[in-house]
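Starting off, we have a lone chain in the form predicted on its own, written out as structure tokens.
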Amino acid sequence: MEKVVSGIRPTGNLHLGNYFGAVRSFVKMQDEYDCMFFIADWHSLTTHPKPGDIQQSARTILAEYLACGIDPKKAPIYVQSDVPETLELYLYLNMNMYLGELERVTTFKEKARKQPDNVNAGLLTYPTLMAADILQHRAAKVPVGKDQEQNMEQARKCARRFNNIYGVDFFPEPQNFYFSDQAIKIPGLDGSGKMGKSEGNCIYLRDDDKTIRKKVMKAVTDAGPQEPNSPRPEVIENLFTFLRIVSSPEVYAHFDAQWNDCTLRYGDLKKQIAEDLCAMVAPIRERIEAFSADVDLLDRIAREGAEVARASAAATVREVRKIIGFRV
């Protein structure tokens, strides 16, 4: 099977956008590919997190991914900082990268603009660390969103440049893996087109029923349908997107018909969405709490994942050292 590697930033709790966008796809991929997932705690250092938050954030993300269906027996999941071989490869790859090309990376320019007082070297070489995460396992594919496409091109450049400099065909050029129809774009409750932490428009997998109901009832709407069979504006289509993913086809058809004959009441629609969301989220939330309470289990899963990852990375670094000319 083709090897797939994907990193997870420990940036807080998972929301429905994460779940329907990537996590469910990861669960499906682990049965179809040779997958490795890792929690990218080194990457988070570019924002200077508090020391006490680093380990807790990793455990939080690990518990949530396990609760969503990632099976560590099928796909090892590990913490990035538990694999020190990554840093050695990161060093070697950085020696072949140039300042100008790193400064031209769009994500670096955007971050530098947003945090002008913290334009650190880690931010600049973020794509090289990402390349090391991928190339240490000689992965064939990497699941990515649009915002990571340029970083993936940098990873391919790292592989290609290393091969060219040393006259070898060692690193494969990892290809972007798109979820296509496996992923669903989840809208924000504020009427925007995307759910996201920074927008503050999320329903989290850890939200209790009361919180979910409160959030849904505050969702943005309009004056209601004015003409039979009229197109739905974006803010209302967003609500129907929720209905489509969490409710039965019969329920969706019922409210769709009410829209078309101008009898729809948004309060009823929101209540239905809220109750169906509560029913969907509740079992996931319960599993998250159960995993979170078992710190020993989380640490054991991370440790076992790191053992697999270190064996893979060590084999790669050993060959890289030999190719470059260092003692092995």
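Start at 1 with the first residue shown and count on from there. None of the values given here were measured: they were computed from a predicted structure.
The discussion below concerns the form predicted together with tryptophan, not included here.
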Might residue 24 be said to contact tryptophan in the predicted complex, defining contact as any heavy atom within 4.5 Å? no
State yes or no: in the predicted complex, is some non-hydrogen atom of residue 278 no more than 4.5 angstroms from a non-hydrogen atom of tryptophan? no
Under a 4.5 Å heavy atom criterion, is residue 108 part of the interface with tryptophan in the predicted complex? no
Against tryptophan in the predicted complex, would residue 211 count as a contact residue? Criterion: heavy atoms within 4.5 Å. no
Where, among 265-273, 54-62, 33-41, 278-286, do residues come within 4.5 Å of tryptophan in the predicted complex by heavy atom distance? 33-41
Name the single residue among 144, 202, 124, 239 that comes within 4.5 Å of tryptophan in the predicted complex, judging by heavy atoms. 144
Considering tryptophan in the predicted complex, which of 130, 75, 216, 186 comes within 4.5 Å of it through any heavy atom? 130
